[in-house]
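Here you get one chain, nothing else, as structure tokens; it is the form predicted on its own.
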């Protein structure tokens, strides 16, 4: 049962940052998680600050070396964009697997990040593209790399008066391919038992850049730098994909829960890392794009 609370609907970031300092206040955007938690009684905020009316948080713009996506950008935006399937493939793959179509239409990229749960489908792909978080407060703005944004399960670096304004996602060179694989117990509306995301950039067949990121494999989504370093400088055809998978496992620390054992998750990481690497290489070469969504095959 929902408890009583005060509802605020600010129209500026300044006002929202000031309201966020109220005792027991929680930010709500799409509300796809917070309202569920309130309904089941696990969350009883004294105040809700509904930020959907803040236009600054809806901004999407292209800069010379990156795209900026306001925190209110819905997952569905990435799922429906041919441009982002072609340039930020793993991110579109991740966003397309969040909940149902209705959830993706309402749920936001900022909410998925700020929830700081290790199973967030957009976060590992964002880590591939060296995403930066733009954080606003009453005093101004600061930039925090996404890899440094999480300090534990459901915990971030956000201060009492700070709100995530948006995220910068950096463009990649030609010859770059990426892949996100999510393993679930069923095909629809389920949290990831494990998620693996890989990016590689090729130049004359040699890997010049590599990223590997995992979900539900540690207290937060993580990058596995040892696995990345293993790939860089090697010819893609000569890489031992099994060794890459082993290094991804070595960098993970999955827990045993009622949903899955840690041993099973490590087996998933091994197999999915090999698969994600091989697909990322094929995409970097232009040999294969992705399991093309139906709307990308339509004319126009």
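Everything numeric in this text was worked out from a predicted model, so none of it was measured. Positions refer to the first chain, counted from 1.
There is another form of the same protein, the form predicted together with a small molecule; it is not shown, and what comes next is about it.
Taking 4.5 Å between heavy atoms as the contact cutoff, choose which of 46, 242, 232, 36 touches the small molecule in the model of the complex.
-> Of the listed residues, the single hit is 36.
If you check 115, 208, 225, 87 against the small molecule in the model of the complex, which one has a heavy atom within 4.5 Å?
-> Comparing distances to the small molecule in the model of the complex, the residue within 4.5 Å is 115.
Full three-residue contact with the small molecule in the model of the complex, heavy atom 4.5 Å, for 152, 217 and 221 | Negative, none of the three is within 4.5 Å.
Looking at 77 to 85, 168 to 176, 199 to 207, 93 to 101, which one sits within 4.5 Å of the small molecule in the model of the complex if you count heavy atoms only?
-> Heavy-atom contact with the partner occurs in 93 to 101.
Hey, in the model of the complex, does residue 132 get a heavy atom within 4.5 angstroms of the small molecule?
-> Residue 132: no contact with the small molecule in the model of the complex.
Using a 4.5 Å heavy atom cut-off, state whether residue 254 contacts the small molecule in the model of the complex.
-> Outside the cut-off, so no.
May I ask you to check whether residue 272 falls inside a 4.5 Å heavy atom distance of the small molecule in the model of the complex?
-> Residue 272: no, not in contact with the small molecule in the model of the complex.
So, in the model of the complex, is residue 66 in contact with the small molecule at a 4.5 angstroms heavy atom limit?
-> Residue 66 lies outside the contact set for the small molecule.
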